[in-house]
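The chain below stands alone and is given in structure tokens; this is the form predicted on its own.
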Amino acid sequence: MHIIAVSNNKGGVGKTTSTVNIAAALQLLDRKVMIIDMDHQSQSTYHLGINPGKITKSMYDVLKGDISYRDIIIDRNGLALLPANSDLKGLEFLPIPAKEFLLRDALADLNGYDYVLIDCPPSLGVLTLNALTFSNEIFVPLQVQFLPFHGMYNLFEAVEMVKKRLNKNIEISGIIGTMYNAKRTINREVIDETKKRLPGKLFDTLIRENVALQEAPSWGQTIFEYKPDSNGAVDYMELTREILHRYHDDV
């Protein structure tokens, strides 16, 4: 079971878009997939057409230990979702020791899935630390601009801390270039610099700028449901095939 945290401490880089659409592509390719929404803004939950305000039990209740994760699984056309709502922000203030291990402990018996993707909040707080402690690896969506590129190194430093203290097996295994426009010099320069400084980390498939990717969440749909013939759908399917190839899972 591949447990992948999709994380970047900067917002607006395509983190939730990547989580949802990679998961959807994996499901279309006959893999059994779960999304865990660990963002108190409930972005993945919204993206899949579920109103967090109408959810009475969420990941917050699971992390507190009040219920099992099985009690909140939503089957979204074969894609499993552990939803979030705004209650998650209260985790920071709970007087519980070793809060970084709550997710790992709550999902200790999770099985039956080929891929688990965790949508992290755009910060390096306790929710993200829980995701990194539970995961095998990290995918980092990177908007191919100058400031996001340099801001990404804050995450790299946090991961080194997690490796030393919480999860020695965690690795940043892939960087996903998002919002790419080949006509922009800065986009091409950031891609070249990423390949030079972090060899082997950047996926070859780049996610092009695509209006449909921005519109799909407002309809509560994945890109494959909303516009399956769009560049966004083509790119995320190609990226997912590349991911499977890295895992030798493309047979």
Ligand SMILES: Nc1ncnc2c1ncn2[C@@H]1O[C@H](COP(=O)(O)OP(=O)(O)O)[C@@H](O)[C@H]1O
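One rule holds for the numbers: they count along the sequence shown, beginning at 1. Here the structure is a predicted model, which is why all the values come from computation and not from measurement.
As for the form predicted together with this ligand, it is not shown, yet the points below apply to it.
- Look at 200 to 208, 66 to 74, 221 to 229, 28 to 36: in the model of the complex, residues with non-hydrogen atoms within 4.5 angstroms of this ligand sit in 200 to 208.
- Contact check for residue 16: a heavy atom falls within 4.5 Å of this ligand in the model of the complex.
- This ligand in the model of the complex comes within 4.5 Å of no heavy atom belonging to residue 116.
- For the chain shown alone, residue 194 is not a contact residue for this ligand in the model of the complex, no non-hydrogen atom being within 4.5 angstroms.
- The closest non-hydrogen atom of residue 43 lies within 4.5 Å of this ligand in the model of the complex.
- Proximity to this ligand in the model of the complex, defined as a heavy atom within 4.5 Å, holds among 179, 82, 140, 127 only for 179.
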